[in-house]
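For reference, the chain that follows is the form predicted alone, supplied as structure tokens.
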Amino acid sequence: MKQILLTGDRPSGKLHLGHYVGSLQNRVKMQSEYDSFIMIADVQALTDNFENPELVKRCVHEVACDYLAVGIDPNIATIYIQSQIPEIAELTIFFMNLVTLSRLERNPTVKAELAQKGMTDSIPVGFLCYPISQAADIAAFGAEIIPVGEDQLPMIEQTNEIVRRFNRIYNTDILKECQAHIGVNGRLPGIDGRNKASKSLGNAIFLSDEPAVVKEKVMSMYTDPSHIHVSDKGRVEGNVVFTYLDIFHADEEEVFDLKLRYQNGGMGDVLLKDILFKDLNALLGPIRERRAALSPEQIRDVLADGTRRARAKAVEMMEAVRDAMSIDYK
């Protein structure tokens, strides 16, 4: 039996290179190694888009397109819509009895996201309870491997706390603890050099961006503000172009040489950015082509089939959960 892997994304916009580096390319590699469940987390997206559900619904389709375009195979991995699995909501309610308000408020990931979104005096309960919802997302499928960034590690820790408490209270072992799988490249900085690449911050290159848009974004990338002339010595540290070249340029020795030339004077930003643009366009070209070839009918069929398979798994788990809690009423 393969271990169960669970991952996913909030459908609040198209996916970008940060998603590709942080998770998507690993999902493609790992989809055959594990029994992969890939969730389009529309319920979680609604926690901070509750006034714009039309955006979330539209982006479910966009995210599914991006999944298929990068190479996730729906015949191998199960792609499903979170809100269409009511068993997840049921398990979330049960888990709410196992977590205190103060524990939620101490979660570092929650605190960081609240600060980033400027939520201080008016925190939606749904947003604050996100760690509980995520624990239910994981436990409903018996997932053991969770690919995440380092900033999500507190979420995995809290999930395991909830699982242990459930098993202890109800004297069972049906729920499994999970472990985080950290990607090699980690976070990708935004083109502005200030934050991680983010659709909400407008500093990301999207997988579906046309070549002209990609070039415009690359040419606007943050480099070294003191590197004005080609002959000036430039800084490599904090230079977003070099960060991207380290990840996306195939020839490591060439990147090393470019860094030396830049640091010693004699390498212009425009030439560097042109090299990076060619690298990114070579990566994104096939993804754009596969995306353009997908029809709305194909996407609907993939989501319907994946959601059906996912719900069957969750139904089975919830029957065991209710039995452990003695609320099966048979």
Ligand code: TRP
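This is a predicted model, so every value here is computed, not measured. Residue indices: 1-based, along the sequence shown.
Unshown form predicted in complex with tryptophan; subsequent notes refer to it.
- Residues of just one listed stretch (253-261, 227-235, 138-146, 210-218) have heavy atoms within 4.5 Å of tryptophan in the predicted bound form: 138-146.
- Using a 4.5 angstroms limit between non-hydrogen atoms, L272 is distant from tryptophan in the predicted bound form.
- Using a 4.5 Å cutoff between non-hydrogen atoms, S36 does not count as a contact of tryptophan in the predicted bound form.
- Within 4.5 Å of any heavy atom of tryptophan in the predicted bound form lies no heavy atom of A64.
- Within 4.5 Å of any heavy atom of tryptophan in the predicted bound form lies no heavy atom of N167.
- Shown here without its partner, the chain carries N171, K176 and M318, none of which come within 4.5 Å of tryptophan in the predicted bound form through any heavy atom.
- Contacts between 1-34 and tryptophan, taken as any heavy atom within 4.5 Å in the predicted bound form, involve L6, T7, G8, D9, R10.
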